[in-house]
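Okay, here we've got a single chain as C-alpha cells, the form predicted on its own, with questions on binding and movement later.
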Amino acid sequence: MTRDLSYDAVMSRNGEIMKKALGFDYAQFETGGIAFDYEGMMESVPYTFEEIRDYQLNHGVGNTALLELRNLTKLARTCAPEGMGARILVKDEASNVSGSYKARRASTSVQYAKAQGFEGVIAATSGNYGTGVATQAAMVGLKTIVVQECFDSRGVGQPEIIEKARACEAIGAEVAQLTVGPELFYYNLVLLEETGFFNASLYSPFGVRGIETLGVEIAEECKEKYGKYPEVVIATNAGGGNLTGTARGLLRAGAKDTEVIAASVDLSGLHMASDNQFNRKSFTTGHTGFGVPFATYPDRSDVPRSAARPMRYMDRYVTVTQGSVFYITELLAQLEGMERGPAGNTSLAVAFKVAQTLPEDAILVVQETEYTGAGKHINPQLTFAKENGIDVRVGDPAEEVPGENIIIPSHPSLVKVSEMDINKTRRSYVKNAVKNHKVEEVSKEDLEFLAAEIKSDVDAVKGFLDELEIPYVK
C-alpha cells in the first residue's frame, strides 16, 4: 500500500515516525496533563556523564580553552564607573572539530545511533549543528542528511546558511535545501520515514545532555584558575538547547549561584516564516525570532517533548542589536586576535555591557565561540544586507530597526542591551502551556511542573493563572 505523503498525513504520523527514529517512546514520560517527567526523559540517555565526556574527548570534542579577554575587559572598564568592569572570559568552542559547540550536541546522538545499528543520521538545521552532526557521523562511518531552510521564493539564499551547507558537503553529508515555510519539518519527517535513519534532533535529550560537558568545563576551569565559580555565564539563546545544556552542566559541577543570562539578537518585528522578510535579517540563529517563541513554548520543536527548556534555567533574558554584534565581532578580532563568527558573538556583545555593571574582581564567562569564514563572515553578511535594501551605517544602535537598517556603534559606550521582562516571559509560558495542552483545570502536579519550568514557585504560577482567569486545583 502506498503511503500517503500529503502534508496532513505525514504530520499525523509524527509520533509514530519519531518513536522509530529515536529509539524510544516519549509517551512513557507523559502524565496526562501539562506536566511530564522531564528529568526522567533526560536520564533515558543510556550513558553516564563520564561516558559522554570520554566519548567526546575521543572524537575531537571538548576540553576547549577558557580565555581571558584582557583587552576587551580593559576597554569595557573605560566605559564603566570607577571600580567596575568584570573580567570577561570566553570558552573558545571554535576549536571543536566542527568549529562550534554544536559538536557536543551532535556527539551523543551519533554515539547512540551507531550503537543502535542505524545506517545514518538526519538533522533539520540551518546552523552549525549540521556540521557537528556530519563530523561526528563521518568519524564512525554513518551517513548524514542535513535538511536546511535556506532560500526565499526567489531562490535567494542566506550566505551564512549556504556556507554551512558547503561545510557539511565537504565532510560528506547530503544537504537538502528548502525555501522558508512549514515544509522543513514535513520534509524531515518524510526523509526519516523513507531512510530509517536516526533523528539527530537538536531538541532530543541526547543533544542537550551532550552540552552539559560545556557547563561542567566552565565551572571546573574557573575554579582551578580563579579559585571560584563565575559570577555570570552568558549564553546565546535561540531554540534553548545551548543555554539548557550549559546551565545543567554548571549545576552538575556545583556552580549553583552562578547567574545565567540568555542573550538574543533583537529581530522584533520580523516574522521568521515570512518569505519577504527571510532575507531582511542578518542573523540566522541566536535571535528573538527563535529565542522568544521557543522559550515560551519549547515543545514547538520537531520532537514531542523538547529537552531544551531554557526558562527552567535562565535568570535574565536580554537582547542586543545586530549592529552591536557586528561591532563586537570586529573588536574581538582587532583587540584579541580572535576572528570568530558573529552569531557566536551575540553573548559577547551582551557581556561587554553587563561587565560594566559588575565589580572588577567578578568573573563573567561567554560560553561559546564559533568558526567564521565565507558566508559566515561579517563582510559578506553586510554586503548581502545592503543588496536586500538594508541601510548599513555607523551611528547609535539605539536607532536600529530590524529589517530596515543595521547601525554599527560609533563608540564602544553606545553598545547597549535591552532587558526583557522575565515575569512577562514566564506568564507567556504558562498561558501557552495551558492553551496547547487544552486542560480545563490545572492540576496540583501541573502547578508544580510549571513552577519548575519557569524557575519560580507555585504561588507565582497561581498568580499568572488568576490573571489569565484559568482555573486550577486549590
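Bear in mind that the values here come from a model prediction, so they are computed numbers and not experimental data. Numbering starts at 1 and runs along the sequence shown.
There is also a form predicted in complex with a small molecule; it is not shown, and the following applies to it.
For the candidate set Ala238, Val232, Ala173, Leu89, a heavy atom within 4.5 Å of the small molecule in the model of the complex is found for exactly one residue, namely Ala238. This chain is drawn without the small molecule; in the model of the complex, the residue among Asn242, Ser204, Ser98, Thr108 with a heavy atom within 4.5 Å of it is Asn242. Using a 4.5 angstroms limit between non-hydrogen atoms, Gln322 is distant from the small molecule in the model of the complex.
Contact check for Thr288: no non-hydrogen atom falls within 4.5 Å of the small molecule in the model of the complex. Contact annotation: Ala295 falls outside 4.5 Å of the small molecule in the model of the complex, judged by heavy atom distances. Though the partner is left out of this view, Lys102 does reach within 4.5 Å of the small molecule in the model of the complex, counting heavy atoms only.
The stretch among 365 to 373, 192 to 200, 173 to 181, 348 to 356 whose residues place heavy atoms within 4.5 Å of the small molecule in the model of the complex is 365 to 373.
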